[in-house]
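A lone chain, given as structure tokens: the form predicted on its own.
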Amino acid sequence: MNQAIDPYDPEPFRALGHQFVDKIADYLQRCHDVIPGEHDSFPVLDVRRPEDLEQAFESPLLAHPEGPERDRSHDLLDAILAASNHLHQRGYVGHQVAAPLPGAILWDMLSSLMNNGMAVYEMGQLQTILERRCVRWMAERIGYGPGAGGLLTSGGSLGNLTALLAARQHMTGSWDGGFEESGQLAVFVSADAHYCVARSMQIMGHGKDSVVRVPVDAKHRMRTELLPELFEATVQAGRRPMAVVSSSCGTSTGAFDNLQAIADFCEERELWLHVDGAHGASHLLSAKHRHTLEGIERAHSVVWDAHKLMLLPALITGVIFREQQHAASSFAQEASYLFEDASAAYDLGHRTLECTKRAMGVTLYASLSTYGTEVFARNVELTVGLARAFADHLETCTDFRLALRPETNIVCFRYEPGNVEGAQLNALQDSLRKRVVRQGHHYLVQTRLDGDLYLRTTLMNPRTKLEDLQQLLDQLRGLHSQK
């Protein structure tokens, strides 16, 4: 009879770990060596049909290896790398997800090993303290005083829900009394706001009509001069205004709403001001770009994703409150098997929907400690500067139209050759985007602005260069000429 293998034996793990790190480092080097347009053998995304991937990964998952000699870890690693979207390539200019710093993923690995839950202080002592330090660091960057507080959670959608629950509790005190006490509430958002705001209000039971969409101007910023009129109309319709949510910045265009004007309105009407800064709050790290968030310190709450412009692996989202007591009002609960009075101030389970919460503060704290804040500030300035240089170039091209001048690292544009007009232009953008992605040199996405389809690039990889983006434009021209 074969002796059972001890899966906790550190020596096989040591050997496998060294091999894995070497392979991942080789992968990173390969990503670094790719020049968009010159490496057909290593596309940014190898587009495959879902049914093909289902079939390819069915057998390895169901067939159990019979011993070390059958260990297929390396084969599986190669297969996962090959079928993934390669964010570390310069041609990745798609969604708002970082190409993570290699050092940061090691701290993520440590958190996975320790696996200390975050509901109660006793289960994750140091992890709780590190999270509190990260929250304090974020609060200081926002401009909040010593009375601020908050938590880290899994993504901007959950972060916005948490903040809106706190806003409702503050405005209505409805956590114990239920929906009847809160009544039909309303929040005001930009017409370009992320869908998670509407989803949060519907999760909270207020229906889609609880979200009042404020039209945007030519720069896709909320038209704050319309807020008083919309406020009165909302009251007349039988709803109670609760909050204004600022898009800082908008997902489609990267436009920043006017926080000072919104704060003035909220203070006058005694409304909660929440800033969805999932993408744009990292501008606070740059003296050059902090002005886009002028007035943010007047907000009651701010959401800030470190897994976007701060180059960290997903998900690490700060939900920061100007006043500490609001951090505990969203999910106040009694649970004798978890919470004790002695550590109540440190028990994070009172503040988040999550109970067994990842110790994401370890990755953020360690990355700030080892890389220093200047690395993240430089990344903001580098990627925003590249976006503006790309916009400058687009404005010199007679066959491309820039949607608007970028305020952050998001650039929207259209290819408009002289032989295509009207509604056919939308179909052209869609067709060209799909063909670019299939060709594999670049990965970009699309969005609709004022009813028209635009190509959308988010410059998340600090290694992407202007010539890579110029090559993308040439590729679009070439694909169109091929028909």
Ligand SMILES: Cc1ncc(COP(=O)(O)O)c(C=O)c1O
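The numbering used is simple: start at 1 and walk along the sequence shown. Source: prediction; values computed, not measured.
One more form of this protein, predicted in complex with the named molecule, exists but is not displayed; see below.
In the predicted complex, the named molecule lies farther than 4.5 Å from every heavy atom of residue 295. In the predicted complex, the named molecule lies farther than 4.5 Å from every heavy atom of residue 128. With a 4.5 Å cutoff on heavy atoms, residue 319 does not count as touching the named molecule in the predicted complex; it lies far away. Under a 4.5 angstroms non-hydrogen atom cutoff, the named molecule in the predicted complex lacks residue 210 among its neighbouring residues.
This chain is drawn without the named molecule; in the predicted complex, the residue among 258, 157, 169, 286 with a heavy atom within 4.5 Å of it is 157. None of 111, 234, 96, 85 but one reaches within 4.5 angstroms of the named molecule in the predicted complex through a heavy atom, and that residue is 96. Heavy atoms within 4.5 Å of the named molecule in the predicted complex map, among the stretches 349 to 357, 221 to 229, 244 to 252, 378 to 386, onto 244 to 252 alone.
Using a 4.5 Å cut-off to the named molecule in the predicted complex, not one of 164, 201 and 206 places a heavy atom inside that distance. Using a 4.5 Å cut-off on any heavy atom, the residues of 292 to 310 that reach the named molecule in the predicted complex are, in sequence order, 305, 307, 308.
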